[in-house]
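A single chain, nothing else alongside it, follows as structure tokens in the form predicted alone.
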């Protein structure tokens, strides 16, 4: 039995409406209401009766769960599947599956700055014989066959600094940014070039590849604004430029996870901006990044995605989630290039369904176009 036999068919009436709503910010034709994207990953598997480990070990099942459960919450009409460490296996890391976590590294492969030169950047042909690219192609071929209306091939550069740091150990990497900056730069560039080749490989197969790239380890809890620009924003720009020139894009999602209380300023004038662009920033200190500030800084360049604190999604109090969603929507809903309501990062696997309903209800109550 294939995984597709576990699920009823898609509600096409729902999908048609969700599709028009999803396109609203990018075609400048308001439809229905503000969209909600709580970045569902393994929660979709849990909500369908499977495990967190099932989600990551069985990608076709996982991506079908996301597409199916999006109907329950009236979310986006597209599906996705990812974890935070793509492309590292091709550079030598080993990943280990866990019962309650996404795949994690079993440990760094280098410990001395001089060893960075020994890391080989695989080209597209070599990536086709590796792990990540064949896995992504297999997943999207499954979607193309079984959920074609939800297909958006996505290539994940994801956390260019964080993934590179895994190669030498995060503590080593942070120290190298002070004592061995040349080695730290080489490491990030090698990971970035590998991610670029992966995006080009996916675009070669599907004729396009949406790019998702972020700044996670590089945030204000660890680095200065200058270091975030030097090690993260500059390489994000490099990644998008090279991937676009290789045929990937044009959809683009910037995900700034963690605390970006002051470093958000360095991204504004560094990054490339596509007509099909979304930017999402998780936190401002310990609080969700204010939608008002997000609109002021990025609203003229990109669709913006505001946040409800991820912690609230497992707090048995839907009213608090609703009130925070309401406040964020009211502050961001008139952003010039459109607004999406999200959570500060991936909604937890055991998110309380009533809290997700609270976000969607707030979007209906305060985000319906034509009511403000």
Partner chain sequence: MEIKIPNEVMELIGKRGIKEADVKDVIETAESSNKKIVMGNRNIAKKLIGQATVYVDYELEKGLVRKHATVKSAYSHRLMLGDIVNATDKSDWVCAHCNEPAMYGHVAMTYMQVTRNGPAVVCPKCRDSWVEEYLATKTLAAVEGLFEKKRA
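Residue numbers count along the first chain shown, from 1. These figures come from a predicted structure and were not determined experimentally.
Omitted here: the form predicted in complex with its partner chain. The next part is about that form.
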Heavy atom of residue 269 within 4.5 Å of its partner chain in the predicted complex = yes
task = Please check if residue 244 has a heavy atom lying within 4.5 Å of any heavy atom of its partner chain in the predicted complex.
result = yes
inquiry  = I'd like to check something about residue 300: if you look in the predicted complex, is any of its heavy atoms closer than or equal to 4.5 Å to a heavy atom of its partner chain?
reply    = yes
ask   = Hey, in the predicted complex, does residue 237 get a heavy atom within 4.5 angstroms of its partner chain?
value = yes
Candidate stretches 182-190, 273-281, 101-109, 128-136, one within 4.5 Å of its partner chain in the predicted complex by heavy atom = 273-281
request  = May I ask you to choose, among 334, 28, 323, 57, the residue with a heavy atom within 4.5 Å of its partner chain in the predicted complex?
outcome  = 28
Interface residue in the predicted complex among 146, 259, 251, 172, criterion: non-hydrogen atom within 4.5 angstroms of its partner chain = 251
message = Using a 4.5 Å heavy atom cutoff, which residues in 314-328 contact its partner chain in the predicted complex? It's fine if the answer is none.
response = none
